[in-house]
Every structure is written in structure tokens, then in C-alpha cells.
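As a starting point, one isolated chain is supplied in C-alpha cells, in the form predicted on its own.
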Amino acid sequence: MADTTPLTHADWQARAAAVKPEGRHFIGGQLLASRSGATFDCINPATGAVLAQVARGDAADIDLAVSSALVAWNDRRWRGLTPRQRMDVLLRFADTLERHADELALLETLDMGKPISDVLDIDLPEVLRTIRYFAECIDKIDGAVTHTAPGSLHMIVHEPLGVVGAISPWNYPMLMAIWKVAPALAAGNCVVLKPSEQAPLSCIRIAQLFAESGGPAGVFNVVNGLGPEAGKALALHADVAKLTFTGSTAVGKLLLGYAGQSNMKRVALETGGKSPHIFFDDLYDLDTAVDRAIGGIYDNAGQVCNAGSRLLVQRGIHDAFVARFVARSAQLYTPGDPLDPATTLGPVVSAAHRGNVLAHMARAREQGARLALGGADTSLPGTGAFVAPTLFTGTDNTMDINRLEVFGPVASVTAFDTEDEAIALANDSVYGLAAAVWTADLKRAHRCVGALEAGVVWVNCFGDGDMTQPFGGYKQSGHSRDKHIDSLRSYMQGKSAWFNLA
């Protein structure tokens, strides 16, 4: 019987000392160095140590990967399988990842700084659910036969697109990649993934494990590299039929331009967010609401696109809310070694990003926001890129802290008096990814859902959902939807076939 005893901090440290991460590309079923021979350092953000030398891909490597995917597409080694055969491969893929859970969790934690318990308890289970969900969707995609005149037959069928390019972010390296790769593969496409240069290691490994699970060579390829080099080349490549991206709004706009400059490929974007989290004074339970507000901004060190970073609190409960928030944050989120299963807050992804977050804090104070919690704390662990949980009060929508995406553990509180004021404050943003409302008034909740300009709205909760929930935004938060069977359909195209039977 397998040993199911949880690993201790010392166990994880010992495994980390022995790990030798793979840093090469995975193209056509093989691990390859960059054609130029160039590499870049992969850094552990908790310690500043170099984890691996990672192949630095450019246009030549992207072209090789796309060519490999195109060969696999043209000879139908993947799309030519029956739906059940593709389903079986993806289900084996999920089972293989599950058997390698400890290995993948360690890579993710060392590479990105995410607490090991978060990877094992949150990220990896969601990765497995995503793959299994889309595997089970494969034979659920129906076409149609329309009613036509006698002597004619009209069919509408759905076919995969071809080669899909995917660019994934560093905040959830495996999960965000799988949100794109799983539906693209389930639809019958071949994929070239460019993971973030900040955290590529787990993505290289999952591509290898796809091949070990029976995935044909060339169907799932990974090219590492920098965005302006490898990412741009993928977006410009004329043999890529669709590009799917999660990341910053600024980069998303560039990718739209590259698609227009090349072959007018489809582009799916999930970009920035500045989610309003609204608390009315008639909410059911202040303690529960505050705890969920804390989780909504400090989970994953605030590096979440839909993080509830704008706390809009009705004036009657404002002071009690802030007092409770400050007291509970220290109890729930304490920075520490991400290899320690007890750690609840790891570092941000890099020293450079820590500098960006601290600059946002300094700007908030310059503009008149009051620091109620955290700030540029220099007593955090070691030499890593740690940022303390931080809260600003007295903010308004003229301040950058309420308008710009910080992407760190930094929240702002803005007081409001009326429902109309709350909605106006919430919608006063270029972003529209997510929002949440806490109230005991069902009619008010229903009004707010209709009025809020966001692709996802939570009522008396935050971050809840499952694979049946489409995830994506309004406005400059992008226009695509991940999860849900509609995501699979977005990696397909319709074909109309008209038969003359007369």
C-alpha cells in the first residue's frame, strides 16, 4: 500500500535540494535546446537562487514547433482519432499528472513561489478537473441537420481549427496553461504553448507527461522564451490558426495587432482586472464576509487577475469591517518558506515584481491613501521577493491604487452611502473581469448583478464556481471565456455542407 503520510517541511526541503528541473523546449516529442543556444536563468523568488538554465526560444524555435504541430495536424494523427480515443488519452493524461503530483507541485513552488499546500490542495486538483471535464466533453459536441426542401440535405458540422498557439501567465503556471491546452486538444487541434518566462518549469514537464500518456508527437509542444521574442513570433506566425492568451491588457493589445499583421488569426484574450468587492450594511455575517474579502485579495499573494482588490464598503459597517480585516489578516496570511506546508503566503514572483508592488504602495500614500496594514515591511523572510499583506483606507477613484492593477497583496477600501453610488464606483474602471456583492436583500443582489459591468459576478461569496462556469471579462479585461463547454467550442469552427439529392 502506498504511503499517504503528508510530507513535512524537511521532506520538501530535501526534495528541493535534489531536484534538477528540465529547461529545454519540448518539440515534436523531443527535448531540444534553442537553435541559437541561448538560455536564461530561472530564479526561485523565495531565495533568489538559480533553479535552472532555460532555453531561450525565438522565431526559429517557434517556427520549428509550429511546423511540427502542422505535420501532426496534416497527417491527422490526433484529429483523426475517434472521439473516444482522444478522450482516453486525455483521461490517461490526467491520471499521469495525478501520479506525479508531488513532483509537479515542487516545480511550481520553486519556480513561482506559491505555497506547496496551495499547489497540492487547490491548483493541481483544478488542473485534473479541467482535463477530465474537457475529455468528457469530446463526444458531446453535436452538429445539426436543418429542415430543407425535399431533394436537399443541409448539415452543420464542427471541426478543429488547426494549430493553436497558447501564451500562459506565471501566476497559475499549470492551471492557466491547462485551461487553454485541454479544450484545444479536446477539440482535435495541435498546440504550441509559450509559458511565461517567469515560471516555465511545470509546463515543460506536463508536455512530457502528455507524451508519456500516449499523446502523439507534435500534438503538444512547448517553447520557452521571452514575450517580445518567442511570444511575438507565435502571434505573428501565419500557420497558427488561433492564439489564446492570459496576461496583461497592454500585451493583449499588442497580440491583436500581430494577428492583424499576419493571417488574421483568431485571438482570445483574458487580460487585466481590478475587481470591485461590494459590502452592503445588511449583509448576513460580517465575519464571514471579511474573511472572504481577505482571501479574495491575499490568496496567491494577490497575483490573481480577478483579485478583489477594490473593497467598497457601505459607511455604516466601514469601521467595523476595517478593524476586523486588519485583525484577521495577520491570523490568516503569514509570509514564510513556500516549502513549509504551514505557509499561507509565499513571495511574489520576482524581485522586480516586488519593486513594482512597492512602487504602487508609495504612490498610494503620496496620493493621500492611509496605510492601515502592511506596507514595505523589511522584516519578511530571507532575501526573497516577499510582500506583506497590505490595506489602504480613505481611497477614492481618483487614486491610482483604485485604478491600476497592482497584482500583489494590496487592497484598498472605499466607503459609499447608497446602492447607486456603489455601482457607479464599481463600474468606473477600464476593467470588467469580475465583481462580488454581499447583501441579504435578494432584490438588491439581482439589481446589482444586472448593473455590474463584469463577466463574472459572485453574490455572498467570492471566487466560487466549477467547470460549468464560463470565466472571462468585459471591457479591457478581454473577451474570451475559459472553462465550460463553450471554451471547447471556441477552438472549433463551423462548416455548412449542402447536398443536392435530387
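Counting begins at 1, following the sequence as shown. Here the structure is a predicted model, which is why all the values come from computation and not from measurement.
This next part talks about the form predicted together with nicotinamide-adenine-dinucleotide (NAD), which is not shown.
Original post:
Among 145-153, 189-197, 392-400, 115-123, which stretch sits within 4.5 Å of nicotinamide-adenine-dinucleotide (NAD) in the predicted complex, heavy atoms only?
Top reply: The contacting stretch here is 189-197.
**OP:** Using heavy atoms only and a 4.5 Å cut-off, determine which of 251, 137, 283, 209 is in contact with nicotinamide-adenine-dinucleotide (NAD) in the predicted complex.
**Re:** Selected residue: 251.
**OP:** Identify which of 202, 429, 412, 246 has a heavy atom within 4.5 Å of nicotinamide-adenine-dinucleotide (NAD) in the predicted complex; exactly one of them does.
**Re:** Exactly one listed residue reaches within 4.5 Å, namely 246.
Subject >> Heavy atom of residue 55 within 4.5 Å of nicotinamide-adenine-dinucleotide (NAD) in the predicted complex >> reply: Judged by the heavy-atom cut-off of 4.5 Å, residue 55 is well away from nicotinamide-adenine-dinucleotide (NAD) in the predicted complex.
Original post:
Taking the shortest heavy atom distance, is residue 226 within 4.5 Å of nicotinamide-adenine-dinucleotide (NAD) in the predicted complex?
Top reply: Yes - in the predicted complex, heavy atoms of residue 226 and nicotinamide-adenine-dinucleotide (NAD) come within 4.5 Å of each other.
Original post:
For residue 218, is any heavy atom within 4.5 Å of nicotinamide-adenine-dinucleotide (NAD) in the predicted complex, or not?
Top reply: Close contact is absent here: in the predicted complex, residue 218 is far from nicotinamide-adenine-dinucleotide (NAD), nothing within 4.5 Å, heavy atoms only.
Subject >> Contact label in the predicted complex: residue 108 to nicotinamide-adenine-dinucleotide (NAD), heavy atom within 4.5 Å >> reply: Residue 108 lies outside the contact set for nicotinamide-adenine-dinucleotide (NAD).
**OP:** Counting only non-hydrogen atoms and a 4.5 Å cut-off, give the residues of 147-171 close to nicotinamide-adenine-dinucleotide (NAD) in the predicted complex.
**Re:** Read in sequence order, the residues that approach nicotinamide-adenine-dinucleotide (NAD) (within 4.5 Å, in the predicted complex) are 167, 168, 169, 170, 171.
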